[in-house]
Structures are given as structure tokens and as C-alpha cells.
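In C-alpha cells, one chain follows: the form predicted on its own.
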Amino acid sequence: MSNFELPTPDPEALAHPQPLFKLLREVGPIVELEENDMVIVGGHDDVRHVLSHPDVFSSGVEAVSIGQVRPLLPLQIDPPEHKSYRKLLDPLFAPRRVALLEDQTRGLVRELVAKFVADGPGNFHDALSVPIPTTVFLQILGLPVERRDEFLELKDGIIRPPAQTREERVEMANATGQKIYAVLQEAIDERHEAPRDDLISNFLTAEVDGTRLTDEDVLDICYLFFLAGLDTVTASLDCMVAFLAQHPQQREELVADPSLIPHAIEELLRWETPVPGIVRITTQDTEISGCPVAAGRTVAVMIGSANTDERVWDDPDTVDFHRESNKHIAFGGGAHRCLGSHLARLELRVVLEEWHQAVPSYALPDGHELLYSRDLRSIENLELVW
């Protein structure tokens, strides 16, 4: 185990984290941050090991506090109980079920792309990255789209709080969490009175192992969906379009051959990894690559580092839309692998198809510096010209 002082990320490091990931891997298989009482895992095989052993590396409520009052379902419960909830939820986001959303999603994308083009060059994040996935998800979940700005502000209060100190962030997350619970409870109460064709209504009649979900169960599922569904695809779109705006040759490949877009999405998920790391808590004394890790330690699993590990990837620093094998773990791994990966892929593909058909050539304004956020790597100032 090696001690390591994590540098304060500057704009360059946030935009291009791969050199820092490489440094982490070179320091050692396990890197200890004493001031955070945390260890960092950056090697591909070690990351997969951690994600594949939830009995030792738990995703429980102790791992991340995001304003919740109970474990979020199914993220913060581990096997075997976790399996029962995934059995309920996985079919709702299976490829065949998700495919039914394509026509509606494409219609929304075309409408918003046409408006953005008509309004002239501007901010891709505000015009498309935010409204497309949030609208799709609010419709699926059953929350009013017209309250999108309110919901996004609540989501940011958890994921991107403006507070500076840890204590301030925790206080803000707890206060925001109560507001999210109130919004979701209001929706649940409405569906008890008049069920609708949406996920919340479905959850209220669903069963896990023969037992009907309680209102608290539904709240704990929807709280997780609320945060994940309103952020991660936005972050992915930001990263992908920003890359393509700065790499015209690869963008032109997609314009010339749209069938490459699904391959490009997988490669950009590998290279950009919009969710670069997740957290686990050790349930017992253990080892990672021979390095001891005590029970109760926080383990930061660097997915972005695993996706660029030169020991398992051929030419990892080259973004290759023709890469023959791409078993990235941008959606995580093991039992807790991302529930919404198929929906995310659908949205990303449709947006990139429609955007490049409408605007085949675009770039950043001269001298414009993109500002990537920490943690989830979104880009609020994604200004484009064409």
C-alpha cells in the first residue's frame, strides 16, 4: 500500500483525467489517502475484483450519504436481498422494453435539435444535454415535465452542492433530500387516488418475493431513480459531444457512416467515463493485490482508471471507434451494474444520430475553455459554433 497526496484538480486535470489515473496505477495497486481515511483502487483487475465481491466490498448506505434516510433500492442493499429487487426492476429496463421508447425519444430529440439549430450557435448542455434525458426520464417515472427546472435544482443540491465544507455539503444534502422525499410522496399519494401508466403506479402494485412494496420501498426506489435519471446521461452527452467538437476527423467518421455511432458511444464511454469512480465499504479485513485493507475502510473504485489501464487494453490512450473488443466498465460491474444502461445507450445513440444529421460540422468557439465539473463530469459551458 502506498501513501499518496491527491492533487487539487485544475481545469486541465478535470478535462483530461487519464494522466492522473496512470499516475495512480504507477504509485501502487492500493493508494491510501490518510486525510480521507480512504483507499483508492485504480487497476482494471482490482476494480473488477472489488465490484464482483459485494459481500466484502459493500454498496450499503454507509458507502455514500446523499440525503437519504433509508438505503436506496436496489443500490444500497447487497446480495442476496439485492437480487430480489433486481428481479423486479431489470425487466423494466430490458433492451426489448427500452426499444419501445425509441420513436417517442427520437421525436423529442428532433424537436429540440431543430429549435437549437434555428436559434443559432449556443450552449449544447442547456439546449440538448439537459432537456432530452430529463424529459424522457420524467415521463417514464411519471413526474410532471413542466417542473423539470425545480427537479434539476433538487438533484444538483445532492450531486453538485454549492457548499464548500463537508459539513455544509452534508447539511445541504439532508435538507434537499427531505424536499425530494416530499415531491415523491406527493406523486405516490396522487397515484393511490388515481393510478396512471407510469413507473410509480407500477411500483405501487409490485411485489418482491410475494410481498407488496410499501410506500417507503417505492420512495427508496424513486429517490435513486430521481438522482440517476436526471444526471448521468446528461454528463455522458456533454463528454461525448465535447470530444467530437475537438476531434473533427473522428466526428467526420460518424457523419460519413452513422452505423459507427454505437461503437463510438462504447469507446467514448471507455475513454471519457463520465462517472469516473464509485465508493464501497469493506465489511471485513481483506486484501487487494496482496495489500491489506481493514474492515470499515472506504474504498474508492476508479472506473475511469480501469477503463484506460495499459495492462489490459491495447493502445488505451487512442480513441478508436473501430476497436474490436471493448469490455469497458463505465456502467459499473458485478451485482450493482447500472440498471439503466440500455436506456442510456438508446438516448445517446438517438441524440448523436439526429444531431450529426442536422449539424455535421461544429466546433468550440476560438479560445473557449471547457470547465468540467468534479465527480460526474458534466460541462455546463459547452458552447458550440457551426
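Every value quoted in this text rests on a predicted model; they were computed, and no experiment measured them. Each residue number is its position in the shown sequence, starting from 1.
One more form of this protein should be noted, the form predicted in complex with a small molecule, which is absent from this view; the next part is about it.
Colleague: Which residue, 130, 288, 158, 303, is the contact with the small molecule in the predicted complex, using a 4.5 Å heavy atom cutoff?
Modeller: It is 303 that has a heavy atom within 4.5 Å of the partner.
Colleague: Name the single residue among 349, 336, 48, 356 that comes within 4.5 Å of the small molecule in the predicted complex, judging by heavy atoms.
Modeller: None of the others qualify; the residue that does is 336.
Colleague: Would you confirm whether the three residues 228, 236 and 280 all fall within 4.5 Å of the small molecule in the predicted complex, going by non-hydrogen atoms?
Modeller: Spot residues vs the small molecule: full contact, yes.
Colleague: Counting only non-hydrogen atoms, choose the one of 100-108, 167-175, 69-77, 251-259 that falls within 4.5 Å of the small molecule in the predicted complex.
Modeller: Selected stretch: 69-77.
Colleague: With the cut-off set at 4.5 Å between non-hydrogen atoms, does residue 343 touch the small molecule in the predicted complex?
Modeller: Looking in the predicted complex, residue contacts with the small molecule include residue 343, since a heavy atom lies within 4.5 Å.
Colleague: Hey, in the predicted complex, does residue 331 get a heavy atom within 4.5 angstroms of the small molecule?
Modeller: Yes, contact at 4.5 Å.
Colleague: Any of the heavy atoms of residue 93 lying within 4.5 Å of the small molecule in the predicted complex?
Modeller: Flag for residue 93 set to yes.
Colleague: So, in the predicted complex, is residue 200 in contact with the small molecule at a 4.5 angstroms heavy atom limit?
Modeller: Residue 200 lies outside the contact set for the small molecule.
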